[in-house]
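Before any questions on how it binds or moves, here is one chain, the form predicted alone, in structure tokens.
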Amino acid sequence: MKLHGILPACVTPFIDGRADAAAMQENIARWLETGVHGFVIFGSTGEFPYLEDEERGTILAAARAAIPEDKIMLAGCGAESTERTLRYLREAAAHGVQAALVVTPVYYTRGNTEAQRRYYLDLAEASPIPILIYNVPAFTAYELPVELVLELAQHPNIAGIKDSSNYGRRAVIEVAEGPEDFAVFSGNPNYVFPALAMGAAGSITAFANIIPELMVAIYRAVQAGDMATAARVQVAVSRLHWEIGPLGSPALKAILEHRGFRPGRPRRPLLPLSPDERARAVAAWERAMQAVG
């Protein structure tokens, strides 16, 4: 299946302190109504570092059962060691995941280009499913060199990248100089329209949890050549990001709950929003939705 479109990096619903499979399925059913092209399970927004290994299998099985075969299903499988990442990759493949998002390992290898190269190449050689590089310097404090990305893109089992950097120059290079079948996904909600306009495959973002309608509207407008509409919706998305971005995934869960989803609470030590923060986040979301009609 071609990797493309708007893919929410799904929140993991922690209900009464545990990852809840039924809530995950209910949320997926709601997101499907908005026209998204697929789903990413265990991205950063899914609080993947806080998951127990047994929870991963339970949530993967539930998500696979809820996601139609004609929709894309990706899973975050990155870990600090090559062996653990391979275990997650094999587990994801066994659950019918089509490709895996693999974040850069940084605890011992931040800035070590050769270690990063070998990590991704070792995985690409052994993984039963294609992998996508995940560059997210806001969380890793490390930006994978774009020259290395282009080198890794030549491997037939490295299918693309989710680039959550402050994009600009990287997007131009990754789209223009990468192989034709190398799927570039914007991970920064401020660059959905520019990335798509330059030829990116799509967008994988946290904000597609709470405003999937707006993200899909941008994608469809670009596909139709309606750049004015795409730009107008992007402005609303960016304003929302400026207002609630610093509040992180707890804000997304607060807004999802307001929308009638079942997101649960953040897992400790991540804290839920205060009542004032929650009110501000919901008000900002309402303004974004109203701005585009």
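None of these values were measured; they are calculated from a predicted model. Residue indices: 1-based, along the sequence shown.
Beyond the structure shown, there is the form predicted in complex with a further copy of the same chain, which is absent from this document and is the topic of what follows.
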### Sole residue of 124, 216, 183, 86 within 4.5 Å of a further copy of the same chain in the model of the complex, by heavy atom
86
### Query
Does residue 109 reach a further copy of the same chain in the model of the complex if we count a contact as any heavy atom within 4.5 Å?
yes
### Message
Can you tell me whether residue 80 touches a further copy of the same chain? I mean in the model of the complex, with a 4.5 angstroms heavy atom cut-off.
### Response
yes
### Query
Is residue 238 close enough to touch a further copy of the same chain in the model of the complex, meaning at least one heavy atom pair within 4.5 Å?
yes
### Query
Does a further copy of the same chain get within 4.5 angstroms of any non-hydrogen atom of residue 48 in the model of the complex?
yes
### Query
Of the listed stretches (241-249, 64-72, 32-40, 255-263), which one has a non-hydrogen atom within 4.5 Å of a further copy of the same chain in the model of the complex?
241-249
## Note on the structure
In sequence order, the residues of 175-212 that place a heavy atom within 4.5 Å of a further copy of the same chain in the model of the complex are 176, 177, 190, 191, 193, 194, 197, 198
